[in-house]
Each structure stands twice: as C-alpha cells, then as structure tokens.
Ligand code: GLC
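The chain below stands alone, shown as structure tokens; this is the form predicted alone.
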C-alpha cells in the first residue's frame, strides 16, 4: 500500500513537472513569435559591461545595446545595485522586456576568495569542493549574478600552461569527480533557489593540451587520446546537469572549437544529449579568421552558428552579420530560434521572468559578503589544500610542525606580507583589504615570538637590494621561514612560462640565506608546479601552499604550527626541470622501457626519468602503515565484482587523514594502455594508533577503454591492481578478467 501511494505521488509530481515545462515552452514560443530577427540575435549576444576586463575591450556601448534589444546578456557586471540598474533598462526600457542574464568568472570565490582550483583539488575532498562551489554561488548570487564560467575541467599535463591553476590537474578520473562536485555546488537541486546559479563547463574541448604549454595554441591529438583522457570530465559535468558549455580557443583535429560540428553537434548534443546552451569564449568566433578557418567574421559567424554555438561572447559577430547571413540563406532562422529557446529556458528556470530583480537584494548582499561562514570555510579549504613536500629532521626532530615556543623567527620573502598575490589568478572581485597575510597570522599566533619580516627579493626583477637586510635578520633568528613563489599575474590566462624556476631574485636570495646555516622552512606559493630541485636537495622543509585566497595566512600557520596535520596530495606531477615536460603518472611504456644499464632505452642522459614529486604524493606529520593487499578472488567475470582490501594504520603520534589511492594496469590490450590508471580513492580519518580496513570494488566497467575500432569495451586478460599513498608508493596484486 505504501509503495502504491509513493508511486502515485511520484506520478503526480512528474505530471506537474511536465505541465510546468509545457507552460514554459508555450511562453517561450509566444515570446519568439513577437521577436524581430534583430531581437532574436540580441539574445544570442553577450557583451562585457566594462566593470571588469578579461580580454581586449571591443565596444563600450553596452547600455545602448541593451536598450535597443541588441544585447540580451552581460558579463563582468556585478553587485546588486549595479545589476539592478542594468536589469531595469532591459525590463522597463525595451520593447519586449526580456531580462538580462548576468555572468562572471566566479572561479574560486566571488568576494571571499578560496584556494585556486588546482590547490583545492589537492585536498581530494569532494565534499569540500562542492561546499566551496556552493558558498561561492551563494555570495555571487547575492552580488546580482546568475551565471558563472566555472568549472574549468580541462585536463592539463603541462605546467608551463598558465591556466593549469584553474583546473584539477592531470587525471581524468579525479578531474571528472571534481567537475561533478562543482556543478552540484554551483547549481544545487533547484534553479528557483536564489542561492544557485548556472554552471558553465569549459573549455570544450582539450584546451589544456595546448602545444608547448602556450596559451591559445594549437591542440593536436588522436581521437583515442581525446576520448580517453580529455573528454571524460566534460561528459561527467554534463551528466551532472551543467546548464551551459563554453567553447575553447584552440583547434582540435584542424578545426577551431567554436566552428566544430564534431565537438558541438556530434559529441556534445547527439552522443551526450546536452540540452543546455553553448557560449563561446571571449571573441573566439572572430579568432577563427586568424586560424585560417574562416574568410572573414561574417563567414566565422555562419560556421559557429551552424556548428551549434548559441551565444557569441563579446565578439559582436552574430550581432553584426547574422541578419545578412539569414537573408543569403547561409544560416537558418529556425536554428536561431532554437538557440534563443535554449537561452530563454534558463532565464525562465532562474525565475527572471517572474522577478527580474530577485538577485539584486542589497540587504542580502551585505549579510552574505565576507560572512563568518565564508571566512571560516576559506581557512578550512586553505589548510586542506596545502601539500607538505619535505620535512627532514634537524637536530633529531622533523623541522615541522614549528614549536610554538620558538623565540626568534626571520620571515623572509615577497609573499610573506602580500595581500593581492595570495588571492591567485582569476580572483574575481576579491577584496585585498580582507586578506589575512602569513605575517599577520604568524604574529597573531605567536605573540611572544620576535618575528622579523623582510621582503628580501622581488618576483618580477633580479634586484638584490633587499638581500643584506634579509641575511642579517636570518643570522639573528632561530629559524627562517621563506615565503616565495609566483605573483598572481605569473600564472593563469595568458601567463604561460617557458622557465618554471622561482622568478626574479628569489632563488639567489634562498641560496644566500641557506649559506648562513640556519634551519629554513620554505613556503612556496604558486599557481603551478615550479621546478624546485635545488630546494629539494638543500632545504629541510618545503610546504607547497599554492595561492590560497582571503585566509591564506591563517591556513598556512595552522599547518606550520601543527594545529592542522597536512593531508593534501598532489594532483599534478612536479618535474625536475622543464626538459621533462610533459611528465605525468599515466605514461605508456615504450618498446624499450627504461633500464639503467642499457643506454638504448627510453631515458635522459642528464636527468632521471622520475619526477621530483609524483602524482598523489604528499606528506603528513604522522605515518601510515599499509597492511597486505588482499583480493577476494583472482579471477572475475564480466558481471562480477572484485574486492580489493587493505588495512591502514596510523603509526604516528597525531591524528591524521590519509588518501588511499587505487590504480590498475591492463597488461595486454588491443591498444596500448598506461602503466597506471587511477580508478578509486578513499580518505580515511585515523586517530593516532588506530587502524581501518578499506575495501575498493572494481567491475568490468572500470576496466573499459577504446579498442582499435574505437568501441568502449572491457577486454578479457590479465591486470595489476595497485594500492598505496601515491602513484609510486604502492603495493600490487594480480587478477584476471575472464
């Protein structure tokens, strides 16, 4: 009886949902019937407001464009009052009163800034990631925004590429899970909730594989690599319900993404069933002319619309040329109507037709911005993102955690008391005045210590004018903490680097202070892996703190003083030098695998094959012991489950969190397979001395890949399974799929 009632309620709920959907479609059809072609094209147009700049500004007439119906969407417009005034123009001063959609790059926070995405991914904490996205959306929507160009799910295996800071690293499995968590956090369960906004999955597709790590550069890869490595995170985010997708700047297989039927129609809409709308990246339609794919901008607009693009970001190509293209029969007005429908649906879902000003509540804005909830989360996310790379003993004890009774500390470096750069790239509308620096946090935490701060070096030039003061302060200290790395402009979009050493005079300063002989802790703050081989060889303690945002200082001090036991693990491989790039854990073997005694095998003659720090690596203030790896069987059928178990024991003196990782290797395939593939992980909280047995489950679904016919299949044969604390520190066992 209860089951019958439940089914009845479900049926009634679905009927109501379908009825509401039909009603919305009827409203959209009615509105479309009233629209001129120019007004329809206006809905396909997205202009920057001029408030913020994320690329070359091509026009400054956006208010007039809104008033005339030539622009239906704006980005870089934010704050409740500013957007209220713009919305008022659209709703009250245009012929049809269609509300504007406001977008913004809320990448790792809006006003309160959380760790950069690459840093937060190192937490391997999906609940944390979802919460960060949810709180960022809560703050952004209070600032009048409806739409964020986030998540960036581009797999990136070249740290020279500046936008590696914006993604989740090198692995498609972990990257997919993080993408899903962000979509859920941004969009929630109901768009009518004014704390949620539209997510935009970007950059479709394979932008992270730009040749030579140079932003906007060519991407060239096999369809196999595209589908096995680069596409999975996009699909996972779309399956999670992402409302919008952004095209990438690059070409794939000789075709710029914004003009690619293969990417946008064949894969995105037909194969994956994507129902949302597609927006280009900034002026990427225009750029198809420079690619040599379009004869002129009019031609580029035709290629883009016919490939499946719905909205033109900033380039004004649709606005300037689509009417003529329709008259010439090169673009169908029916296709324009479908694009308009997709955009209007989401304006309806957000409730903008019912209340265009529902996101413009100044009272709510004041309550939410920099609230205690935001600041506490920024600190928590920050400390969970910090990777401890090295912690050697000095005088018999690990240098970290730092004793709270330390009397004299020299705090040296351009990032020690820096408010802006610790916000990281894409820090939206982050307020520098709210940032708590490392110097401030350390001084607050150790009020009795004598802390001498000296900037010492610059990140953007090689001057040594601060060296003498830094050296003197270090001589008089018990311990030296050096806060060094990149400024926020040295990574992110349009910030590719061919040299990943410490920029400016920082390396020289580090070597000069090292020569004094005092114990040194380096706190490295950057948006990418840096080449720090000298540091690894000479400095006893290395804390990779990335760019952590508004509460960077307290988060770092929590780790330095042991109030938080570091638990993060790398999601990107650290190379020894740029000559090793690209280097990542899921490499394939060659016909001549490495052999130390044989020159004619795949290796360098001047540097080891191994990275400086591998994927999945990260130290703790405690130690973990892995028991024997156990399988419930050594053979499984296509419809059976393999259980892989291991006991983890915290053998140290402090509580901690360990991320247990599971990898597989297909030993013989109809196409070659990587030496390892991440297929699972579990985070285990263990008190000192405690243990827990972890069990992973694998099925044939986890073993699938693309065969020679590009069919996604699981093939019978022998496999290895690896479990451990990183991609290299593992135990292994064998099993067979039969």
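As the structure is a prediction and not an experimental result, all values here were calculated from the model. Positions refer to the first chain, counted from 1.
One more form of this protein exists, namely the form predicted together with the ligand; it is left out here, but the text below deals with it.
Though the partner is left out of this view, residue 427 does not reach within 4.5 Å of the ligand in the predicted bound form, counting heavy atoms only. Interface residue remark: residue 246 is counted as part of the site for the ligand in the predicted bound form, having a heavy atom within 4.5 Å. Shown alone here, residue 163 lies within 4.5 Å of the ligand in the predicted bound form, counting heavy atoms only. When contacts are judged by a 4.5 Å heavy atom cut-off, residue 228 does not count as touching the ligand in the predicted bound form. The stretch in contact with the ligand in the predicted bound form, judged by heavy atoms within 4.5 Å, is 198-206, chosen from 470-478, 198-206, 332-340, 381-389. Note on contacts: among 281, 310, 171, 120, the single residue with a heavy atom within 4.5 Å of the ligand in the predicted bound form is 281.
Out of the listed residues 574, 234, 149, 102, 149 is the one that sits within 4.5 Å of the ligand in the predicted bound form by at least one heavy atom. Shown without its partner, the chain has 493 as the single residue in segment 482-496 with a non-hydrogen atom within 4.5 angstroms of the ligand in the predicted bound form.
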